[in-house]
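Single chain ahead, by itself, as structure tokens, in the form predicted on its own.
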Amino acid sequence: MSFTSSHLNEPITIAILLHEGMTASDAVGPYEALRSIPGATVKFVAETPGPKRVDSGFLSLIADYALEDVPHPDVFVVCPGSPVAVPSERVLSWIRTAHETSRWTTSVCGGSVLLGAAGLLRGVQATTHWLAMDQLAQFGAIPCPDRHYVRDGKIITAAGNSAGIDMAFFLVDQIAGREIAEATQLLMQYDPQPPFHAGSPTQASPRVIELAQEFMQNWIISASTSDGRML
């Protein structure tokens, strides 16, 4: 649900970067919260507009805009693509240009690796998916493996895909205020009560960590196949 009554603020453009082979919730989770910001227009952008088949192979998200259509969003969310994809210079250039004028530059999961590749994380505290944490230091970032999301200046990085929702609520608070953020949370009935406590490497058993690593390896292998479906 969106707010359209007395809470209207100045117009704000939010861009969410999509890729072929991405995980759907990296984009959809933050979108569900961010779209409730009064005056916000959310635009799904990609290097090439059109449907983007996600990692399962069963679902597509549609990018209505090319990168050049939204060069200076007020807020943008960088999602990661396929684990075997190498970001193009065109995508990295768009990230740099958008960051120059953005109010908030954000990422979800491995999207922070793209921020790093674009040169935005040197000396910046950041987080990412736990399996990609080692890559952050390669770009000069200061890894924060125990944080669900990290703000450093106007850059906010979130850990694995579910952390993007928490980051988005933080953004709603910063832009529209706590009441709007809490009302959005209530409308989404976001009150996590997972049946297990295995949401981070510090909580999961060694066997569960091993299984997760095997799952990721299968994802990487499947991303190299012609249909892109998970094995």
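In this text, all values refer to a predicted model and were calculated from it rather than measured experimentally. We number the residues from 1 along the sequence you see.
One more form of this protein, predicted in complex with a further copy of the same chain, exists but is not displayed; see below.
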Interface segment, criterion being heavy atoms within 4.5 Å of a further copy of the same chain in the predicted complex, picked from 113-121, 91-99, 143-151, 76-84 | 143-151
Report yes if all three of L67, H72 and S224 come within 4.5 Å of a further copy of the same chain in the predicted complex by some heavy atom, otherwise no.
-> no
Is there a heavy atom of P49 no more than 4.5 Å from a heavy atom of a further copy of the same chain in the predicted complex?
-> no
Is the gap between I220 and a further copy of the same chain in the predicted complex 4.5 Å or less for some heavy atom pair?
-> no
With the cut-off set at 4.5 Å between non-hydrogen atoms, does E10 touch a further copy of the same chain in the predicted complex?
-> no
Could you confirm whether I155 comes within 4.5 Å of a further copy of the same chain in the predicted complex, counting heavy atoms only?
-> no
For the stretch 144-167, return the residues whose heavy atoms include at least one within 4.5 Å of a further copy of the same chain in the predicted complex, in the order they occur.
-> H148, Y149, A159, G160, N161, S162, A163, I165, D166
